[in-house]
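Heads up, the chain below is alone and in the form predicted on its own; it's given as structure tokens.
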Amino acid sequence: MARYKVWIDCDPGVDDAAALMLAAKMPEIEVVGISATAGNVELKYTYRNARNLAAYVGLDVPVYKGANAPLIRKPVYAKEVHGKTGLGGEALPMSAAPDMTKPAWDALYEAAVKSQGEIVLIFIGPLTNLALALRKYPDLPQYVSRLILMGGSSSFGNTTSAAEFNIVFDPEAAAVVFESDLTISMLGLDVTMQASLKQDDLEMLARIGGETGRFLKDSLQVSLNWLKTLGLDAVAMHDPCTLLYLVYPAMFKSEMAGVKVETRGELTYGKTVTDLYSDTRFPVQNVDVVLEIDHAEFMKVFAEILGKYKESSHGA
């Protein structure tokens, strides 16, 4: 069985919580560090949520504080989706772990060097921390096996008609990342919107996952209730898809493409522009763009992993 050394950068966020819950129960994954960034809500909440979630699910790894704002633009949060503090209004016990004073980008670089090129970066929030790391440490890509990120889209947006939230929160940071020498897999809205849970699925999580499943169900309920006001009946598990793609790639279909981030357009600001559907290709196909997921297999694996919490009276 392959075992991957993984660094997770997140902005919890209810689907970030689901991703961390999966990571803690996937034997193929060894989480070596977690970092938080501003995104779904302010950094003071995402950092606290990341620390508390790590402790709750039994991830005994350091959690580092990252960027509190995008590189250039003013932050625009997604509190209507994730609640004021990021977990749908649900509270977790406070982590007793010591606060890490080292900035996330420094800690990430040190972990990458220590891994001797084995580390896999899982980024499920805005890419600000990674852009800062790349700017400070231009040699970072040589110490990274690959980057798997949730963000972007080859076709449509969700925050604007053109752009997905994680990218449009900090397009300039995303541009730095996509222009780097990192080996990138992009799981955007094309695929993550296919990995959706309906009301019955949330009830199933509460039944099979014990206390942790009930916490996740209650957190996701806020997002689903908001989505119902838009005429939608399911909440997408955007962030968990990244971990599943690492461990279960046969569940997905992808295609190499050229991807660039629009940072100047008025209507297209933050769009991940791909050449997938164009007669004219970019000079380099630099990104593995994931486009499809086997939903039945996703539900099976998702339920199996979360079901591992059933026998526990808490997250650990």
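For clarity, every value in this text was computed on a predicted model and none was experimentally measured. Don't overthink the numbering: it's just position in the shown sequence, from 1.
There is another form of the same protein, the form predicted in complex with alpha-D-ribofuranose; it is not shown, and what comes next is about it.
S.K.: So which of Phe215, Trp105, Phe178, Phe165 reaches within 4.5 angstroms of alpha-D-ribofuranose in the model of the complex, heavy atom to heavy atom?
M.R.: The option sitting close enough to the partner is Phe165.
S.K.: Please pick, from Leu244, Val191, Ala112, Ile124, the one residue with any non-hydrogen atom lying within 4.5 angstroms of alpha-D-ribofuranose in the model of the complex.
M.R.: Of the listed residues, the single hit is Ile124.
S.K.: Have a look at 156-164, 139-147, 223-231, 91-99 and name the one stretch with heavy atoms inside 4.5 Å of alpha-D-ribofuranose in the model of the complex.
M.R.: Going by heavy atoms within 4.5 Å, the stretch is 156-164.
S.K.: Could you confirm whether Asn40 comes within 4.5 Å of alpha-D-ribofuranose in the model of the complex, counting heavy atoms only?
M.R.: Taking the distances in the model of the complex, the answer for Asn40 is yes, it comes within 4.5 Å of alpha-D-ribofuranose.
S.K.: Out of 10-26, which residues reach within 4.5 Å of alpha-D-ribofuranose in the model of the complex, heavy atoms considered?
M.R.: Stretch hits, in order: Asp11, Asp15, Asp16.
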